[in-house]
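Only one chain comes next, encoded as structure tokens, the form predicted alone.
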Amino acid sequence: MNAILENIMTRRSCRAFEKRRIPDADLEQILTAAVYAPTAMNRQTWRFTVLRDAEQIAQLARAVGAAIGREGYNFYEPDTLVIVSNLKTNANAIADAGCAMQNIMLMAHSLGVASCWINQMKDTNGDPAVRALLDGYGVPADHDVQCCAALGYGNPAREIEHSMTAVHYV
């Protein structure tokens, strides 16, 4: 089987991370994969804000949890959280983020690093408490958070059945 297809077919989301640090060299490769993702009209107006401090991640998770009414929300306590933001005026921001996230998750998987796509920031990045933290972490004021990647080591979720019946040839 083609190595890229095998990587795609074996990657799963992880929702329980170990307390183990991702090596800097591996994280650098993951972030390089992110910035090499395609963007609409090659604008590359995104920003990848990387949090590696457990207390910063927990603080942001608590603020997001309060904004969505989920006490104890914690982003699954990853080693690293990559916040993917883009200009508020970019009509293709979520598509650009999706391409970057796919690259992040596949590169991570190829290095033995687990990942999970975090959606809650898309709807909460305008909350005053969340925005104050984002400002403090250097997320540009003219950006909206599109999504986040929780990264670390752990056990991925269960196998999921996929069906080629979703494919329709004309």
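Note that residue numbering follows the sequence shown and begins at 1. What you see is a predicted model, and the numbers here were worked out from it, not measured in a lab.
This next part talks about the form predicted in complex with a small molecule, which is not shown.
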| property | result |
| --- | --- |
| 60, 116, 139, 108 - the one with a heavy atom within 4.5 Å of the small molecule in the predicted complex | 116 |
| Full three-residue contact with the small molecule in the predicted complex, heavy atom 4.5 Å, for 48, 80 and 131 | no |
| Contact stretch among 118 to 126, 131 to 139, 29 to 37, 49 to 57 - heavy atom within 4.5 Å of the small molecule in the predicted complex | 118 to 126 |
